[in-house]
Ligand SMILES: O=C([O-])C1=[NH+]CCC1
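Shown next as structure tokens: one chain only, the form predicted on its own.
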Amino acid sequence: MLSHWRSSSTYEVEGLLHYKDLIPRLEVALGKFSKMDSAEVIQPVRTTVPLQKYNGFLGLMPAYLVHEDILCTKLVCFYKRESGSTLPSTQATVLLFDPEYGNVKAVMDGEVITAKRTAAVSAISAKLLMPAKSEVLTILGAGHQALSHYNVFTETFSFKEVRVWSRRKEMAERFAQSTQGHVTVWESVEEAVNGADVIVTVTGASEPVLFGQWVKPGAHVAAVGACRPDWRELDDVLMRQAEVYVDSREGAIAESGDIILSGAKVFAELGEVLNGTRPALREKTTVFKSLGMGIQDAVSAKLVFEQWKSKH
């Protein structure tokens, strides 16, 4: 009852969290969330504490999945770093509680959980929405999220070509060298996304870097960066011409600058597609705007804890 585990490193969590186990659990959680049953899933919109002095914020993301009996919260600090900074843009800690007694069961480094659950949900969006014959994947950005997205997308799908772009070319080159497969580095976003079937945006941009005129009709975009109401990665043309899917409507209209500033309408939550209550418009240009949810962290933390217990 009072057992308590603290992960010693990101590597320990990394070894306990696998996409093949995580993706099915996230699909179930997304579906339950979109049923809007407060007796099943309790998840307030993320609370943020601005850190204007340091150009960042602290986010608190609690969630309780009733039938799975998972009580969890993530605390994440996010910073808009200067170009060339070697400091991390995010640092996160996940707390898993015993919901009956209130004690902390586990304290986990949140970096791997955040990277993997975010990438896994993007892969779920692609599974539902990308063109039937998708051969070219482009990743805009070359940080931790870029690597987790590369790993899950190449593990889950069979792309013939993978491209990467970063504002700093040396980072893109380092990223390409770190992967197991062949990745080509491109000089410009326009060139990198030309003809791409799936585009993943995992940048630190606060102004649009991807423009609708560059995106081929029918492509799928998983937009992961720009997690504040005044930050954007995608321009008005793309947001207004695409069918927009989100993880949470409530979160998107409160937090997504891509949606708020463009005036784009949300077509559906991923959970609604998984539940069969809204269609997957695979033949159209689609955007999945990812903001991340507490239930995603909760499901991931429970899986990590179960794997750890089975090994000890």
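Predicted, not measured: the structure shown is a model, and the values here were computed from it. We number the residues from 1 along the sequence you see.
Although it is not shown, the form predicted in complex with this ligand is what the next lines describe.
Novice: Okay, which stretch from 212-220, 70-78, 127-135, 94-102 lines this ligand in the predicted complex, with non-hydrogen atoms inside 4.5 Å?
Specialist: Of the options given, it is 70-78.
Novice: At 4.5 Å between heavy atoms, is Cys227 in contact with this ligand in the predicted complex?
Specialist: Yes - in the predicted complex, heavy atoms of Cys227 and this ligand come within 4.5 Å of each other.
Novice: Even though the partner isn't displayed, in the predicted complex is Leu291 close enough to this ligand, meaning a heavy atom within 4.5 Å?
Specialist: Looking in the predicted complex, residue contacts with this ligand include Leu291, since a heavy atom lies within 4.5 Å.
Novice: Spell out, yes or no, whether the shortest heavy atom distance between Lys32 and this ligand in the predicted complex is within 4.5 Å.
Specialist: Because no heavy atom of Lys32 falls inside 4.5 Å of this ligand in the predicted complex, the answer is no.
Novice: Would Met61 count as touching this ligand in the predicted complex under a 4.5 Å heavy atom rule?
Specialist: Taking the distances in the predicted complex, the answer for Met61 is yes, it comes within 4.5 Å of this ligand.
Novice: Taking only heavy atoms into account, state which residues of 112-138 are within 4.5 Å of this ligand in the predicted complex, ordered by sequence.
Specialist: Result: Thr114, Arg117.
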